[in-house]
Structure formats: C-alpha cells, structure tokens
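A lone chain, given as structure tokens: the form predicted on its own.
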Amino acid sequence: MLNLLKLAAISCLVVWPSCAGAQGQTGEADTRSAATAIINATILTAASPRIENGTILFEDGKIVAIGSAVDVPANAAVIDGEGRWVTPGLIDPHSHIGVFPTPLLPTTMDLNEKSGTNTAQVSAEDAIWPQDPGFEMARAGGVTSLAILPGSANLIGGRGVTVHNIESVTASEMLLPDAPEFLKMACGENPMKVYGGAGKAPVTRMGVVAEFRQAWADATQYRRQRDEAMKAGKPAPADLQMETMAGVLDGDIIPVFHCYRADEMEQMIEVSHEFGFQIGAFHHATEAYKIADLLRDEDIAVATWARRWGFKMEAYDAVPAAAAMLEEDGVTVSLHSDNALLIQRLNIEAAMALASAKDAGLDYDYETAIKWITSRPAEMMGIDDRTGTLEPGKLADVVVWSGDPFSVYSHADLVYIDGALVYEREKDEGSVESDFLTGQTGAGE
C-alpha cells in the first residue's frame, strides 16, 4: 500500500495524465478489503451451469461463495444485479497493448526487435508502457488479464508476459505474480517478408524451417554445456538468448507460434519433436480446423478469431465455425484479439463464434462460449489455478454486464480485479478519456 502511494505521488509530480490513475489505485486498495455481494444476477461461471437469480460474494480479493443460496454478511456492500449478468473477467491470450500503443509513433513502436531473426533475449515486459489508453479501453470491455507478446516480424521474437489489467505507473506492478512467461515465435509470411524482402534469410519457407532447426540445435548445445558446467560447479555461460530458449526446453517457458497454415503448423510440430519441447499454442491458426485431430493428440491449444481472415494469402482458407469445430474435436480453443480495438469487444467475438457454430449445426451454448474468452485462455496461459472461472478461492476478477453479455446492446457496467472496482460505466459515463487519445482516429471508445 505504501509503495503504491509513493508511486502515485511520483507520477503526479512527473507526468500529469497519470494523476487520475494513481488516485484510482488508492480507491481500489480500499475496495479490495471490503466484502461485496452481487445478488439477483444471472451468472456464467465458466465452470458450471448458468445460475439464475444468483449471488456472488467476494472479499479480500478472492471469491468467497457463489450460487443461488449464499449467506451475505451484514457488513457486505450489496449490489442488486437484477436484469444484469455476471461473468469472470475476460482474458486475452494475445495482445500487444503497451508495446504497440496509442498514439503509435516511431518512438512508441516497441513491437518488434528487428535486429535479427532470433531475438529470444528480449522481453515485452521491458517495453510495456502502462499509460497506453488501450489498457483502460480493454478494462471498459471487461478484460481483466492479458498476455502481452512481441510481434511476429522475427522467427523468434522474444518473451511475453501476463499482466493484470490494473492502472499502474510501472509495468512491474501489473505483472501477474508467478505467471509463466511465453516465447513468441512466428512462421510464414511475416518473417519472410521482413527479412527476405531485405535480401536476408529467410527468403522462403525452406529457410524459415532451416533457421528454426539451427536455433534449436544451438539452444540444445547451450543447454547441455550449461548443465554440465553447473554440475561441475563451474560458472554457467552467459547468453540471454540461449537461456530463454533453454527455458523452453526445460519446460519453464511456454512456446507459442504465430502460424496460419495447417502444413506450417505440422512442420513446427515436427521441429518440436526433433528437439524435445512441447508447443503451448498456435495463435491465429486460421487453418487449425484442418488438423484438429493432430492438435488434440499433441495437446496443443489454439487461440484464434471468430471472423477475421483474408487479409493476406496465408490467412485465406478459413471457416466461420473454426472455433466450434476445434471444440468439437477436443482441442483447447480460445478467442484472442491481436488488436487494440477487438480486445474491447471480446464478448461479441465469442457471440459471433457461437452464432457460426449454430449455423454449422454445432449446438453449443453460452456456457461454452464464455469459456472461449475466460477459462480457456487462462488454461493456455498457465493461470487457470487462480483466475478464468468464478469459483470460491479464485481471484475476484468479475464483470457485471448491463444485460446478456453476448448481445451487442450490452456493456460492462462494473469491472473488478482482485476484488477492487477498476471500472464503473455509470461513473465514467461509458467513455475513456486520455490526453493520449487526442487527435487519434479509430482508437476505440
């Protein structure tokens, strides 16, 4: 608490626009300790059937009880949820907010470290700008946790991290404690265009796979030398790039691939077999539906869109019901944004995926759709032990919607993170204000 207040005071002295956020943090801390009960609401827990006229009670940042018959203590703040819906906080497994911010200028563009095809030594954590208005706009859309990843210009782009979507002066304050890191990699057109277009390797997909093999061969050799040195009591070699890749081989860092085509995903799986690491997830993956059995058997998750494709050749062969088809075949599937606008409407992304499922004759319901934007991304990010569902003992990351969360007419009324109220639509008059949005078009609402 004391540390938080110090940061708030420093922020107000140095950077005017952050003053409001710092004051908000003090309020969040006070709210976090209070017992809060939301009653008479329709609740989607992402872990059990829908609860009608339900109550959720949380205190000290954790969910205490949830159900149709919950005893509410006399000291609890009670919010009448009649006509409203409650869900877990939404989770985005693929975002670039803070490293690809608004306003986007050459001096704020920290998405891709294009100094080499393998930049595993860099981390998005070191470039996150907490004052990016995108964080607040995502909060207004009910997003409480998100993975922030490097871009896809490089074959091996660097490490990504998971943050709690709280107002903060520093990125380190936002990190979700003990959440696994990611190693972001990319195959296909992006690295070929960036490097091949400049007359460097890789020029072709042959070059892409060859460079991956060489990088993992180097990492395997480094890991062996490191382990031998440590066993002999000698200093381990100092190589941040190789140490990150060795972290994947050790199973400590989750490797995720930006990949669209089914054949390229299968090639990356072959590479993972050759060097003995487990792929966590394919992102975008518009052709994943073609190899659903393989992905299920390999225990590889997919983060994709409901209806975004066709913007480049490798993204042409998609189908609207892809998420539901993967669900049907037993693949762990979630929806993601990869976009500062789309992240504000992940609930509508899930609604579109659900509608496409029904059009395809796959009879999924709200209980499944809410998982695509809550519990499933939590699973693939390794944070499902603490968030992603509404269950006693989990973090009180909670959204109160004005109505059916899968309706275009509904909005997030209240957003809680760790039990603290971090967004109140009525108070904020439904809009996000920031000096950094001045003059920006298409920056969201």
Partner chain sequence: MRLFAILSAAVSLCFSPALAQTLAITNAKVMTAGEAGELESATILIENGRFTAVGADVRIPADARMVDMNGKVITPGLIVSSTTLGAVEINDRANANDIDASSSTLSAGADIQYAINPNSTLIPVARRGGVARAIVTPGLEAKTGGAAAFGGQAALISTAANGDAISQPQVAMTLNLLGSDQGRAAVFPQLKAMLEDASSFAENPSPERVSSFKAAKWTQADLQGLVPVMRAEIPLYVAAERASDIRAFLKIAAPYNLRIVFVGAAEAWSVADEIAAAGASVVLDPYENLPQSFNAVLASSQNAVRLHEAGVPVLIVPPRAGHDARLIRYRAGVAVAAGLPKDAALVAITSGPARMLGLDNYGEIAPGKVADMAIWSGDPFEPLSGLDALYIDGVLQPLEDRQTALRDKYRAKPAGK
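Note that the structure is a prediction, hence the values are computed from the model and not measured. Positions refer to the first chain, counted from 1.
Keep in mind the form predicted in complex with the partner chain is missing from the figure; the text below concerns it.
Tell me the stretch among 263 to 271, 357 to 365, 173 to 181, 238 to 246 that has any heavy atom within 4.5 angstroms of the partner chain in the predicted bound form. The contacting stretch is 357 to 365.
Report yes if any heavy atom of Phe275 sits within 4.5 Å of a heavy atom of the partner chain in the predicted bound form; otherwise report no. Output for Phe275 is no: heavy atoms all beyond 4.5 Å of the partner chain.
4.5 angstroms heavy atom contact with the partner chain in the predicted bound form for Pro150: Because no heavy atom of Pro150 falls inside 4.5 Å of the partner chain in the predicted bound form, the answer is no.
Quick check on Leu421: any heavy atom within 4.5 Å of the partner chain in the predicted bound form? Contact with the partner chain, no.
Might Pro133 be said to contact the partner chain in the predicted bound form, defining contact as any heavy atom within 4.5 Å? Although the partner chain is absent here, Pro133 would touch it in the predicted bound form, with heavy atoms inside 4.5 Å.
Of the residues Lys62, Arg50, His411, Arg386, which one places a heavy atom within 4.5 Å of the partner chain in the predicted bound form? Of the listed residues, the single hit is His411.
Candidate from Gly310, Gly83, Gly233, Gly199 lying within 4.5 Å of the partner chain in the predicted bound form - any heavy atom: If I apply the 4.5 Å criterion carefully, the residue I get is Gly310.
What residues in 277 to 296 sit within 4.5 Å of the partner chain in the predicted bound form, counting heavy atoms only? Result: Tyr289, Lys290, Asp293.
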